[in-house]
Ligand SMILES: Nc1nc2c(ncn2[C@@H]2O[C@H](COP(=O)(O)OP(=O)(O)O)[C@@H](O)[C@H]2O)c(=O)[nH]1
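The chain below stands alone and is given as structure tokens, in the form predicted on its own.
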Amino acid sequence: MWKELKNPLISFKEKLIKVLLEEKITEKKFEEIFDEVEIKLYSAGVSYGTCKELRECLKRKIVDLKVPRGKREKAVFNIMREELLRILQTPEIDLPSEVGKKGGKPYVIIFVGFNGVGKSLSVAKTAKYLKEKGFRVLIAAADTFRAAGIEQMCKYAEAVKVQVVKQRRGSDSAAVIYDAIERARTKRFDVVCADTAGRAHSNENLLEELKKVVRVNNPDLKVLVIDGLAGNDAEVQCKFFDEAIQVDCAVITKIDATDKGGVILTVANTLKKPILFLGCGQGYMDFIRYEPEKIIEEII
């Protein structure tokens, strides 16, 4: 799944090592080598800002690198590993532990993101995961804007055997979630997982509605869902939602549908917040833990 990210990074590493076997790497030579792979990194979904940061950090450590001939290959590998880990290493979140800290009060999670990124399925996956950890989970079908959004969420809720709170299409999303929280309090549910309508850059009304959802319901966790196919736009989406509501963590979906993988670097570097999980299929347990060291092993 990382092919388009892996290939340019491996090529970059090998070219550096080849030069180092003969001489030190000058700044000019480093720039030439990085220029050759930069466009491929963009194509793999690594944003311009993340590419620029990776370039500058690697340049500081590799230009004029002095290391014995027999240790040069390992030195380059270690530098690349260190810099990629610095970008990918985000704070961690143990969701079951956080839910447990609420002491009987419902833990409220809202999922936000652009249209079509997989929010509703991510709600269902999270609900099923927490249910299997022993928590009573309630879903709020608060995407009242999209045609069939409520029906889709109800279908997912039925599939994972979790109760759902809903109203009719066009209802106030903040009110739907508020009702779900009140029901959770009275019926002793541990968690409320709330879907929301997909936003777009230009839809100011939906953005104001999202701000109202947060203001009225004061969620414990605001999860930004990013499509693994988003490419360079992932950076824009991260900044857009973080500036609007200060998201707490991210989910990256559809990583099974692409060989790019660079979106993970972009999201980790832009948000610098926990990545809850990586979605890798349409099944309700099709997700994997976010493990930076494992990702690095696979790409370099």
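Start at 1 and count along the sequence shown; that's the residue number. For clarity, every value in this text was computed on a predicted model and none was experimentally measured.
What comes next is about the form predicted in complex with the named molecule, which does not appear here.
Segments offered: 119-127, 180-188, 89-97, 69-77. Contacting the named molecule in the model of the complex at heavy atom distances within 4.5 Å is 119-127. Contact between T253 and the named molecule in the model of the complex is found at the 4.5 Å heavy atom cutoff.
Taking the partner from elsewhere, F114 is found to have a heavy atom lying within 4.5 Å of the named molecule in the model of the complex. Contact annotation for P292: none of its heavy atoms lies within 4.5 Å of the named molecule in the model of the complex. Interface membership of K133, defined by any non-hydrogen atom within 4.5 Å of the named molecule in the model of the complex, is ruled out. When you look in the model of the complex, the only residue of K155, K102, R146, K211 with a non-hydrogen atom within 4.5 Å of the named molecule is R146.
With the partner omitted here, the residue from C57, A257, V63, V236 that has a non-hydrogen atom within 4.5 angstroms of the named molecule in the model of the complex is A257.
Within 4.5 angstroms of the named molecule in the model of the complex, the stretch 265-282 places a non-hydrogen atom from each of G279, C280, G281, Q282, taken in sequence order.
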